[in-house]
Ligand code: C2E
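Encoded as structure tokens, the following chain is the form predicted alone, with no partner shown.
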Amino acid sequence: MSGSSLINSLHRRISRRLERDPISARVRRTLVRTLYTQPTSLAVGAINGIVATSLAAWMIGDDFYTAFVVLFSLIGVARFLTASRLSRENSTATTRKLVVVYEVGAFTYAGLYGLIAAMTIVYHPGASVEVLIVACALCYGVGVSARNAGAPFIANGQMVLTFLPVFIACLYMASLPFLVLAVTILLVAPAMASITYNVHKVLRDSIASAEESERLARKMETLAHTDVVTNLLNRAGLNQRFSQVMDNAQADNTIAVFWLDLDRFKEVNDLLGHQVGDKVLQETAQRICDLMPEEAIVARFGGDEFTVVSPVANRKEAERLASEVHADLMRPIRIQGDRLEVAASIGVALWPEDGQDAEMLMQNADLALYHAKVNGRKQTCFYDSSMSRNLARKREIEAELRAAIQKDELSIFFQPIVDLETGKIKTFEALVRWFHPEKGELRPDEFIPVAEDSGLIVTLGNWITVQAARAAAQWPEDVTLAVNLSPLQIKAPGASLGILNALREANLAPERLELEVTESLFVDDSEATELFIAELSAKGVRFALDDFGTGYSSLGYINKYPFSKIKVDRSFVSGPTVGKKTEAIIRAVAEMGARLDMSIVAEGLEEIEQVRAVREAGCTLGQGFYFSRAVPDYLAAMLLAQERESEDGALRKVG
């Protein structure tokens, strides 16, 4: 058989053997690479063999024998050099090549070793030389069984190629000692083969177990960093990848962080179910991925929020990407026959001007997103340093407001709501005032939004109700109390119970309390709102719709909920837009109120002409500086006392 045919045959045999082996290719390669570990052991074996056979050749003095020794020596050196080169971890040689190269060298070397040992027995140069060569050859055959156990076929092949010529030579000599040696070889060979296979099994199982453990570890790491709904990175995965991006960022690069929040996504989950919600998230994720550059990192940060980290050329490109995402997300999504429109708010921060590390960029992108939502949603807001100043200001106000509530630094002022026909005070609206010991008076529009954002509005609202109810309990029974409620306060657990406890503590009849709510409360149309209004209405508490005309102004709210009063927003009474249209609107609302037996309050009255106009339009009640500013509780009581002493009941201006 020619050399090329032998190599092809080896290739085919190895291919079949690899296909039958159930363990992974990586495990097979690891086992094969054990053949190349510690090439110095090959050098030691080769030196030992070369020295021993060279000594025998010198003592025998036969050219034919010497030729075999020279060939044997050259192959030993070649094996060491080849193993040294292929033993490097960065070797690009395939597993098949590693096997073939090693088999060719190993089988040739073992066959020559066994053949030289057999020739030594036949040449019979003397007992000492025969013992030296035969012992070295047989020890080599036994030693490779353990060393090359990673490839049993090679190990056993080397042993057979070493043992077989010696075995035949022993039979050829046919003396009793050689026959005993032949029998010994027959007994040792299968024992060593068994040991080789056992060692191989242990090696293979250990490596396979390590490979499986590593695979599971990688899988667990992937799962730990992947969002199960969208298959995007989750928060942990984003943090890891983002840190890597920042570590590799160059000074002349620009990196944009886009933080997206789906507007009113909660309504999709509540109305259509979480399965539809998940499909919306998946579709959103796909659209974002399709628009962003290939090298961008797209992650679902949590809930309905997505985060994108992408290299951009400049701010203009970041604006273009945000605009394209907005436009694409505005396209309707069709799921199970439903046509859904889900827009998004986006906050953007740029590296390096908006932050030097991942944490700062994320924080500033989140802050920009907050401003995008506060400013009306469905828009993109880029981070600006003023946002951080505003945030610091809000945090300062929040901390001081908490302390102010505990230290009783807040005050309740009362502004009268007057009957436009009789001029008598019908109601006082409770308004909170904060006189800071160092900063002076802080306007409600400064600290009320902070209280709402921080959740402190629930505590503040309950405190206002308690304090106002205590003051109202001292007024005549025909004068009612109006208290503004935040939507967050209403939706808080136990909100109605808190109101009733305040009334009970102040000994104020529920019929004397009016709770003013704005139209924004009903946007979500939640069960909590319905339950709150139903529970308190059943106890006698009345409700007023505040700032009517500035929100959605749906007549469905008036039809659905038991409002006894509607307050027309001050923008219809005073301001640059006041005219015939606003007068017509007030008349229409007043006529509706009269037919529904509701009181109509005109807010923001500052001049007598405004009072006459809204009274002629049909409004029954008025509120504004024309009658009185908001005053402390003792002045409110004084106003009532003066009114009771007056006999003419005429309209008068106070403060």
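Sequential numbering from 1, following the sequence displayed. Nothing here was measured: the structure is a model prediction, and the numbers come from that model.
A second form of this protein, the form predicted together with the named molecule, is not displayed here; the remarks below concern that form.
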### Summary
The one residue among Met387, Leu431, Leu203, Ala296 placing a heavy atom within 4.5 Å of the named molecule in the predicted bound form is Leu431
### Message
Please identify the residue among Asp263, Asp278, Glu583, Glu516 with any heavy atom within 4.5 Å of the named molecule in the predicted bound form.
### Response
Glu516
### Summary
Assert contact_stretch over 443-451, 127-135, 494-502, 142-150 against the named molecule in the predicted bound form, heavy atom within 4.5 Å, equals 443-451
### Task
State yes or no: in the predicted bound form, is some non-hydrogen atom of Leu605 no more than 4.5 angstroms from a non-hydrogen atom of the named molecule?
yes
### Message
My question is simply whether Thr307 lines the interface with the named molecule in the predicted bound form - judged by any non-hydrogen atom within 4.5 Å.
### Response
no
### Task
Look up in the predicted bound form whether Gly624 has a non-hydrogen atom within 4.5 angstroms of the named molecule, and give yes or no.
yes
### Query
Though only this chain appears here, would Leu485 touch the named molecule in the predicted bound form if you measure heavy atom gaps against 4.5 Å?
yes
### Query
Each of Ile464, Asp546 and Arg570 near the named molecule in the predicted bound form, meaning some heavy atom within 4.5 Å?
yes
#### Entry: Stretch 123-159 - residues with a heavy atom within 4.5 Å of the named molecule in the predicted bound form
none
